[in-house]
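Here we start with a single chain on its own, the form predicted alone, put down as structure tokens.
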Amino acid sequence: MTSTVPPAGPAMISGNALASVAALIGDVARANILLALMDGRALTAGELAWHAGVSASTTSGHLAKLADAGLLDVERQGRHRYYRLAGADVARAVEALMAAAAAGPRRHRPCGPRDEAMRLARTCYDHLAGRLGTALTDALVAREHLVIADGLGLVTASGEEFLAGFGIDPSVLAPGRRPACRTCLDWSERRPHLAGRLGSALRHRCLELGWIAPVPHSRAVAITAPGRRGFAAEFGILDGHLAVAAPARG
């Protein structure tokens, strides 16, 4: 007798379950909490209360709901609790919503220096995004070091050689629970940037070389003078690739 039980997996997610998670993210304070954690750091409830713009007690309730829904992980260190995104899947979902929001109706708010810094270069969970992130991805593809299809990336033989020469451990590309190389839709550029373990390793190496530097109290990262020279020499990314451009519309 043929079974009529549907297979388990994403198709089994009900509309109620999806709406429940969407409702959690739909609260402005909770959305701000998730955005504050998009650089992969773990923050305390007090720090997240500042980002959320609500009281400590209200923040505590929001954090409990997000953790219960599996969107946040909680770590204890002494008297403090630290909250971080539950994983790369959550970060990708938030980034996708940011892309959808950027594609929506124009908001009557002037673009300030913080906006431009975020569009130029920022962290997206543990990898690089913005014009720098997409330029790095484009450079690897153009040089045939990387092939992208259906949201996944395949590093070619020349790519493995290039990345090893750049100082990235080849074990990053080994099979594992987290994809070695995948793409993430960039909310400001509307094009993919590199994520997965390779994206994380590239960001770490750029920090190690001093090519980028964190911007205090922001997900933005600054491109240093050595970084501009290094990105040009190693990836062919010139200042023109990082020039100010109006965000895409439509």
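Owing to the predicted nature of the structure, the values given are computational and were not obtained by experimental measurement. Start at 1 with the first residue shown and count on from there.
The same protein also has a form predicted together with the DNA, omitted here; what follows describes it.
- Heavy atoms of residue 165 never reach within 4.5 Å of the DNA in the predicted complex, leaving it off the interface.
- Contact check for residue 125: every heavy atom lies farther than 4.5 Å from the DNA in the predicted complex.
- Of the heavy atoms in residue 69, none are within 4.5 Å of the DNA in the predicted complex.
- Using a 4.5 angstroms limit between non-hydrogen atoms, residue 30 touches the DNA in the predicted complex.
- Against the DNA in the predicted complex, the set 44, 76 and 81 is in full contact: each member has a heavy atom within 4.5 Å.
- Here is the short version: of 209, 213, 35, 56, the single residue with a heavy atom within 4.5 Å of the DNA in the predicted complex is 56.
- Residue 62 is the only one of 219, 62, 197, 51 with a heavy atom lying within 4.5 Å of the DNA in the predicted complex.
- Contact with the DNA in the predicted complex, judged as any non-hydrogen atom within 4.5 angstroms, is confined among 155-163, 128-136, 81-89, 94-102 to 81-89.
- Contacts of stretch 123-146 with the DNA in the predicted complex, defined by any heavy atom lying within 4.5 Å, are made by none of its residues.
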